[in-house]
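A single chain comes next, written as structure tokens; it is the form predicted alone.
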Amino acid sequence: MIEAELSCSVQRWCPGATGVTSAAKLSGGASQETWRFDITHPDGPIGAILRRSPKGYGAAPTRAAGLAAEAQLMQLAYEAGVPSPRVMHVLTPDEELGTGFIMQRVEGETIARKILRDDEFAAVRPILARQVGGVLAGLHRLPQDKLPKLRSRSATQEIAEFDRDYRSLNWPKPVFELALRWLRDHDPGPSAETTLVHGDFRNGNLIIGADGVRAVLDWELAHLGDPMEDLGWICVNSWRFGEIDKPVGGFGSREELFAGYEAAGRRVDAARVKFWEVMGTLRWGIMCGGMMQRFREGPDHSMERAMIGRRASETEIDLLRLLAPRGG
């Protein structure tokens, strides 16, 4: 069914295209899906990815930028030289495919455990932390006057929101209470600079090849804010996938990350980065708690929700390590 709709679509905007083959759903639930497929073309097949909300599921969650904004951000990044897939087409209502966009497929690996352990990536792992620092610097330089409309959140607003989210779980956790108090006591105030913030820049949302970072994915949580938030998020222990002694994605040090960022002409505020690392750790813990709540109370008692939910306890250990005098 979807191949027929995609075939009609690509013939309208891709000169020479005669249809599509090998359409396969990669991920997604009822509200958002990702498909891979090949565009049939006289010059050879063109690998493509469809990101969409099917018809009837157009609304984005409160924190999400929305698929139209994602497409605009990714294309802006691509044109500025930030590693990002090229957006080939934004869906229109008459195509009957829902809302979303089609991007050119970038080959490489996204599974973090493979990136951190497979021999194929052994040579590139030592340079990744510095490289992602440079990528983030480029991302934070994207001109604001070309950005789509995005939400803007200060650290103070985020603390208040996470406090509400935590209390709505009705699942008391003294370590989360401690983290909320620490965040309020160490709130750095408004950032001297407001930039585009990716919002989910981490190992698992990067396409990695033998040459390093090939593309940044999942821009749905993009917003305006403190650029140090992105540097803190990639250091959250949950995104190290067992390599806890390498804070940056499980493949490098904070010093390497900061060096790459500053070599690209931007300045790091290490204290603000730590604040956002603590905030990010609490954020993930609350998200895990939300998964457990939905597992317990909702109609979907999936094992995946329960497995993610139980990871809230891991974030408690991570927070205690971070908040200790020599934490991290």
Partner chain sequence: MQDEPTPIELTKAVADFLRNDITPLISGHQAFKLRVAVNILDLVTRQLTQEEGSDAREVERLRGLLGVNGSVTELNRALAERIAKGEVDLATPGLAEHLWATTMDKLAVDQPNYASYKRELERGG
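Here the structure is a predicted model, which means the values were calculated and not measured. Positions refer to the first chain, counted from 1.
What comes next is about the form predicted together with its partner chain, which does not appear here.
Exercise. Within 4.5 Å of its partner chain in the predicted complex: all of 178, 244 and 318, by heavy atom?
Worked result: Yes: each residue has a heavy atom within 4.5 Å of the partner.
Exercise. Can you pick the one in 81, 143, 174, 93 that has a heavy atom within 4.5 Å of its partner chain in the predicted complex?
Worked result: The residue in contact is 174.
Problem set entry | in the predicted complex, residue 203 touching its partner chain (heavy atom, 4.5 Å) | Contact with its partner chain, no.
Problem set entry | Contact of residue 1 with its partner chain in the predicted complex (heavy atom, 4.5 Å) | Residue 1: no, not in contact with its partner chain in the predicted complex.
Exercise. Quick one: does residue 238 come within 4.5 Å of its partner chain in the predicted complex, counting heavy atoms only?
Worked result: Heavy-atom contact with its partner chain at 4.5 Å: present for residue 238.
Problem set entry | its partner chain contact at residue 6 in the predicted complex, heavy atom, 4.5 Å | Looking in the predicted complex, residue contacts with its partner chain do not include residue 6, since no heavy atom lies within 4.5 Å.
Problem set entry | Interface segment, criterion being heavy atoms within 4.5 Å of its partner chain in the predicted complex, picked from 134-142, 163-171, 211-219, 83-91 | Careful reading of the contacts points to 163-171.
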